[in-house]
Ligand code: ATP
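Coming up is one lone chain in structure tokens, specifically the form predicted on its own.
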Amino acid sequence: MSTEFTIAVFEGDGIGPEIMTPTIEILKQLQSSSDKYTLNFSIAPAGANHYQQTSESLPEQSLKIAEESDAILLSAMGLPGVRYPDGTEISPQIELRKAFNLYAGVRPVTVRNSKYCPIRRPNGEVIDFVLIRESTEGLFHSMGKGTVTHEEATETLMITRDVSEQLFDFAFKLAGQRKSSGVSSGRVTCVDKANVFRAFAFFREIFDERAKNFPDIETEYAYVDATALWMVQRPWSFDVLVTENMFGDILSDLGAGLMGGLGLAPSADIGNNQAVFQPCHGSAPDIAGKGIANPFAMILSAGMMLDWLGHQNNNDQMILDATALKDAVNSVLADRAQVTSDIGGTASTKQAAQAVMKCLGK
């Protein structure tokens, strides 16, 4: 018997629609060969283009579609030249995180093909870790609410016990899953700046408290500046990293660099009842409409969505299809003729996506 799932689709701005279209085609191809699940896609208008036309960046109806869906698939959003009156960019993705309390920003860092990694690995070490970025508070807490005068500007960093406890529990459980599947030894690193800021000392204290509930998971600490250094020098030493919102925002781009660029970096923002899946990169308006955008981060994000839905609903076929999708992208990455120009290839967006579909067809 097939289980039906509703997917809210935010098509995005710039290159967003160009990478979303083939991603949905791939998902439809996967489900067509399965009698275990059906995906129904519901378009939710939002973003910078929509704001230009309607003065709304995230309409109530779109928020309702997202709330009533089983998962949210979101493409790149925002345009540099389209801003709110206070000068900040249009960011419905951040509004969704706060609306649904999507506290766990999951940023996998997996080097799928060594030719794209700029880091030399002396003994062929495997780079496969996950950065968990708190996604609802931290330095992003005062987004749009900071105070600015002629003399000074102030933003407020917020760390709460409730959100931090959920965040750390999520990180420890993920490390446990990775350990049980043989991916890692099961270790969580708390990334902070507890030597300078009281807020991060508080953050670390909560980390220690929650760690007691997961005795089989190793724990360690790292200051964020040292972590940036070690991500370049020895990224293979990490398993699960957990950190504050702004630190995670910065480190996740460094992680994308390890993989070969933002075009290969998927992500998810997960809460207790809802989740958003989107590429880490922006809307790249300079190449919009040229047909050369890299679709892999969007496709891999869709794979993360299948995996999450599969685990949430005990649907083994969705988990298998998520793995097949990741494997298909890995196979395509082995041939530069099938990848886009941002990672040294010659393929168009359509050709790169078709290559993934062909691999899945085999």
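Start at 1 with the first residue shown and count on from there. Values in this document were obtained by computation on a predicted structure and should not be read as measured data.
The discussion below concerns the form predicted together with this ligand, not included here.
Between the options V111, L262, A222, L139, the residue in contact with this ligand in the model of the complex by a heavy atom within 4.5 angstroms is L262. Of the residues D216, D86, D286, E152, just one reaches this ligand in the model of the complex with a heavy atom at 4.5 Å or closer; this is D286. Between 266-274, 187-195, 225-233, 288-296, the stretch whose residues reach within 4.5 angstroms of this ligand in the model of the complex through a non-hydrogen atom is 288-296. Looking at G257, you'd find every heavy atom of it more than 4.5 angstroms from this ligand in the model of the complex.
Using a 4.5 angstroms threshold between heavy atoms, I15 counts as touching this ligand in the model of the complex. Although the partner is absent here, R107 lies well away from this ligand in the model of the complex, with no heavy atom inside 4.5 Å.
Contacts with this ligand in the model of the complex, taken as any heavy atom within 4.5 Å, map within 335-362 to D342 alone.
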